[in-house]
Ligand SMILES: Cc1cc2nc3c(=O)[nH]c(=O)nc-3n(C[C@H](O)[C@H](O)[C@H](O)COP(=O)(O)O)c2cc1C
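In structure tokens, the next block holds one chain alone, the form predicted on its own.
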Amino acid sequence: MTATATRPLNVTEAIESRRSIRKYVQEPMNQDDLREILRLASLAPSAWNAQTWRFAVVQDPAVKAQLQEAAYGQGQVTNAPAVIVVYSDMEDTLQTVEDTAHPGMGDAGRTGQRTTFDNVFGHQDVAQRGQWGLSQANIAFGFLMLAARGLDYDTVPMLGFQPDKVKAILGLPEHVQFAGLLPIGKRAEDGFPHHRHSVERLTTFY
């Protein structure tokens, strides 16, 4: 089955039907669907089009088992057919920042993009600018969950893991920062229905 075999959910349907799922149907993930979900997530917005996010897709059972250990033994890591590790690599972004300038802006756009990033981030240390990069990657993390649900997959966002161990397992540079781990697959449980504050509880109108 391909990603277009069933009708994608619209945005409202995806948001309202999303659940945090920890038990998944035991079948490999359709690779076309997986790539489409990643493509959709990569369309997330970012300041100056920086696109600081990076995805590490783990489907190998042995590697998932290592990730589970780094995630304090949480079962959803190995129960899901795939785990998407979403992280920010601001240093890679800075090294290749000209590539984020829109082609329609020409050489002037590429030069301007380099100048902007050097002026804004050149005086910051790695951790400081890395935190900014993470704020952009968090946007893509949200898009990723909705893209998955839109194609009838389920996820559970995870922040309960040991970052240094995940970096070692995946061979990631020390400077990267994690938006989270995202087990993904077809749900084998319903999950809890939404229980949220009301709009009035959360919002002040001016």
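Residue positions are given as counts along the sequence shown, with the first one as 1. The structure displayed is predicted, hence computed values, not measured ones.
Beyond what is shown, the protein has a form predicted together with the named molecule; the following relates to that form.
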**Prompt:** Would the named molecule in the predicted complex be within 4.5 angstroms of a non-hydrogen atom of every residue among S20, Q74 and F192?
**Reply:** yes
**Request:** Tell me the stretch among 168-176, 28-36, 149-157, 47-55 that has any heavy atom within 4.5 angstroms of the named molecule in the predicted complex.
**Result:** 149-157
**Request:** Indicate whether the named molecule has at least one heavy atom within 4.5 Å of a heavy atom of R196 in the predicted complex.
**Result:** yes
